[in-house]
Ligand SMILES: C[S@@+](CC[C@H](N)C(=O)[O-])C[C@H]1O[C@@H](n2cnc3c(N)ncnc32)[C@H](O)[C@@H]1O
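As structure tokens, one chain now follows by itself in the form predicted alone.
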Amino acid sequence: MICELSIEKLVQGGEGLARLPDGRVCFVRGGLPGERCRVELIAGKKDFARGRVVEVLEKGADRAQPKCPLYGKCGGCSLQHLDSAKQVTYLERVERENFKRIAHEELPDDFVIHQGEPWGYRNRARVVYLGERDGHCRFGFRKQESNGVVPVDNCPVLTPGLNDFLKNAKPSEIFKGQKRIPRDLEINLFDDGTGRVAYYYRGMPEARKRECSVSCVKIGAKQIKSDASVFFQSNLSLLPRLVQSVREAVDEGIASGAASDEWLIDLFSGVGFFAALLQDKFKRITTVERDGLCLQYAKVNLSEVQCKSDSGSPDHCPGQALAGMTKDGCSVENVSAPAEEWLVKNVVDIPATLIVDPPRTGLPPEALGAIVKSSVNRLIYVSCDPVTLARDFAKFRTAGFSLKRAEGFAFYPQTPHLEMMFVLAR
């Protein structure tokens, strides 16, 4: 069914909001505020519908020509039709509205979204191997809302290093020594910021994994070790701005007395990224991470001397707590456990500095409840989903916390995704 609809505004997820003749809300993929569009309805519910633009009848002032020929087919970008210079403005409007609707409170007037280059920024990607052509690998991305694959030779949001890999990688190098390559094989790629690309795929021989998947990223004077099989931020050029904001928030908390330099607790710590970059500020650090491989890297990243086995991989047996002392006297403990379980079992009876960086689902209820019952009076909440952040904030506010600082980070230009950092205190 095709309808002519007027787009009122953008909403979470980057869709335009319009209203059908029967009064239902329609979320329109590809529509921008102020536009009149012909829209194909692709899904309908009792209270709302979803559609996609098939023709723009009245173009909005901020519409742009997509830079990528695969736009609308590839499942990666979804905002290339919006002028890059205006994307942050729209994201801010969306998040202010989300926060007011979900948390029933206004974001601060000084809320700002930091941004970087709109193209050539993404240093991390997942591609699908499509076979060989003229001695080189052929790769593709998953299609939009489908498990199908669209072939790709060049992607305008990827770093030059990743695009060079897509163009020049050879099966004889990537799959060295392997006779059979699974169909539809997904490969994780990671550019360390120098153009060196690490890669990983399921079933990769261990020796090849040690040789090809490990990477080391330099943030300031700190080297952070990781590999292409685990999560790491995908925009290295903007990452130092987040680090700066977190360090400033830590300094403010310690200076005010609301938090302490006695103990940093880093929950959902991954490879120990934040803890490693804050190590100079604390007497004691605990990282808590349920993923065993991430825990191995956290141990490496928080040690003064990078601990390596002969293979070059982190030297640690997963599944246990690791403790040590750095040369500057900082006590470090790396714990393998779900954050909510560790919080419930461990009493935090001093005003420790707390950082949480949970997945998109936000804080588990048990973790949030344990924080509220603890002696923590100030926490730094880094979120990859503003909706669950607003939900969790509402619960913290009920427990006496207030919002002291809020910042956004547009790590993924050409998409509606936004990272945010809240500082909460009571």
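Nothing here was measured: the structure is a model prediction, and the numbers come from that model. Note that residue numbering begins at 1 and tracks the sequence as displayed.
Keep in mind that the form predicted together with this ligand is missing from the display, and what follows is about it.
Proximity to this ligand in the model of the complex, defined as a heavy atom within 4.5 Å, holds among Gly270, Gly161, Gly253, Gly140 only for Gly270. Distance criterion of 4.5 Å from any heavy atom to this ligand in the model of the complex singles out Ala337 from the list Leu293, Val348, Ala337, Val344.
Interface membership of Gln233, defined by any non-hydrogen atom within 4.5 Å of this ligand in the model of the complex, is confirmed. Proximity of Phe99 to this ligand in the model of the complex: non-hydrogen atoms within 4.5 Å are absent; the residue sits far from the partner. Proximity of Asp191 to this ligand in the model of the complex: non-hydrogen atoms within 4.5 Å are absent; the residue sits far from the partner. Using a 4.5 Å cutoff between non-hydrogen atoms, Pro386 does not count as a contact of this ligand in the model of the complex. Between 99-107, 75-83, 178-186, 350-358, the stretch whose residues reach within 4.5 angstroms of this ligand in the model of the complex through a non-hydrogen atom is 350-358. Applying a 4.5 Å heavy atom cutoff to this ligand in the model of the complex picks out no residue from 156-185.
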